[in-house]
Structure formats: C-alpha cells, structure tokens
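As a starting point, one isolated chain is supplied in structure tokens, in the form predicted alone.
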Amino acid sequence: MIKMVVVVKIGGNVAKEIENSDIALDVKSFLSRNQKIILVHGGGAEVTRVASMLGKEQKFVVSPGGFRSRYTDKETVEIFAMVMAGKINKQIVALLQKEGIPAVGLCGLDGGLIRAERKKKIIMVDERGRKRVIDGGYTGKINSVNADLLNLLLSHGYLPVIAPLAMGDEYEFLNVDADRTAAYLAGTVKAERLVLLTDVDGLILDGKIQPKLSLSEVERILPKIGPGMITKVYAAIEAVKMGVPEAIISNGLRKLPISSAVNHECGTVITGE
C-alpha cells in the first residue's frame, strides 16, 4: 500500500549539483518508509549550452504575466528532447541507480505519459513593452497525464524520473515547463505534497523568506514576485487548486533538502487555507 506520494521537482542548478547533494540519500530514506517519490527535473541552462555548441541561437520570450520561456521552434525542440530526455535524464537515473535506487527515466512520450496541446499563438512583450502575437512553435499546454503508468511503477517500487517533454495531438515533441509539469503530475496522482527545489531558500519578499502563505495571500502578492520565481509560484498555486494539500518552494542545495521541505524546516509552504 502506498502511504504517501511526494512529487519533487529539481531545478537545473540543483540537477547539476545532484551528485554532490543529499538528494539520493534523502530519496532512499523516503523509500525505506514506503513513501513514494516522483522526480521531475529541469535543465534549461544545459539545453542552451548544447544548442550553442551546435550553432543554434536560443531565443527567449516574456509573457504579459512576466513568464520568461524559451521560444521553441522545430530544431530547438529536437535539441531540447536530446538534452532533457537523453543526457540529463539518464545522468540522474544513473546516479540514483548507483545509490541502489530503482529509478526509471521517462519523458511525456513514454507510454503516453504526458499529453499536451500545441500552442498555436504566444503573446509576448517586446523590448519596448509592446504586446506582440507570434507563432506558438513547439510549446505545449498539458491536458492529461497517464496516472495508471505512474501508479504501476510506484506500486512495484520504482522511482519515476521525468523529463518535461510532452506528446502533442500529432505525436510531435512539445516543450512543457518543468515546474508546471510537476504541478500537473502532483494533482493527477493525488500527491500529498509538491516540493519545488531551487537554489534559493524560498519565496523572498522585502528581503524576508515567506514561511507560509495561503492561496488568497499568494495570489494577492503575485504582482510583487519577480520573473525568476513567478513560474514556481504559479505551479504551486495550480497544484493546490488541483487538490494537493501543500506545495513547498525550498532550497535543493541544503542538507536533506526533501525532508527539510516536507518537515517545514526550510522554504515557503503554500496551502489552500
């Protein structure tokens, strides 16, 4: 019987340092207590680095809501898939396997795990602050998750490690945001917690960490939140609205980062109350 499922998203900087962190040790501790973990990873900086090596300039756009995202054309999504679902995903799986953790690397195309609708248009804000409508490229909005596949793996003791790559209606690769992917997975499998691990201690406003916020409180302060944190906050809001009891934004580079977050020793906890 699965006692508890925690969905953990590790950002690109945390993933880069995972070999030198306590994440594997922390994961083993959870598994030893029959508490299950689904791991979602980012890695945008590595995608940009590899794309540059291949001579593909990367472009980023900012939405009217302050979200900064990669503009993903056909060539870029192929590089994205190669780096995310290939290099980064398998490096994390290999590290966890080395520590005796039965990790299984997946992306959204495997078993139809993550389906998404390809965005036809994107509204962006240019350098002069003007709104522009551009082609959506190969960016997707998640519309379904194969929870049966995840539950099958979890019930047999496996730890899914998921790259944020979805399958479109025409079976094409689609780039989906890793934080929002983690939120959607957490809501779909009815996780007890969503933990978003980054390289800072939580949501900082006016120089202070916000230890706990309700949905109404966090929605009220959204205009004050900078572009580096806004996507994580929106992901936390989405997860809680989907029924996840709490979402935690915390530091993945500290000692036992998942346990620290779950035990409220660090980070910002967002709840529905």
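This structure is a prediction, so every number in the text was calculated from the model and none was measured. Position 1 is the first residue in the sequence shown; the rest follow in order.
There is also a form predicted together with adenosine-5'-diphosphate; it is not shown, and the following applies to it.
Segments offered: 191-199, 103-111, 72-80, 117-125. Contacting adenosine-5'-diphosphate in the predicted complex at heavy atom distances within 4.5 Å is 191-199. Shown alone here, Ile225 lies within 4.5 Å of adenosine-5'-diphosphate in the predicted complex, counting heavy atoms only.
Of the heavy atoms in Leu54, none are within 4.5 Å of adenosine-5'-diphosphate in the predicted complex. In the predicted complex, no heavy atom of Ile237 sits within 4.5 Å of adenosine-5'-diphosphate.
Put simply, Met242 is far from adenosine-5'-diphosphate in the predicted complex: not one heavy atom of it is within 4.5 Å.
The contact residue chosen from Leu203, Met84, Ile92, Leu185 relative to adenosine-5'-diphosphate in the predicted complex is Leu203, the criterion being a non-hydrogen atom within 4.5 angstroms.
The partner is absent here, but in the predicted complex a heavy atom of Met229, alone among Met229, Leu215, Val50, Leu31, sits within 4.5 Å of adenosine-5'-diphosphate. Along 176-191, a single residue, Asp179, places a heavy atom within 4.5 Å of adenosine-5'-diphosphate in the predicted complex.
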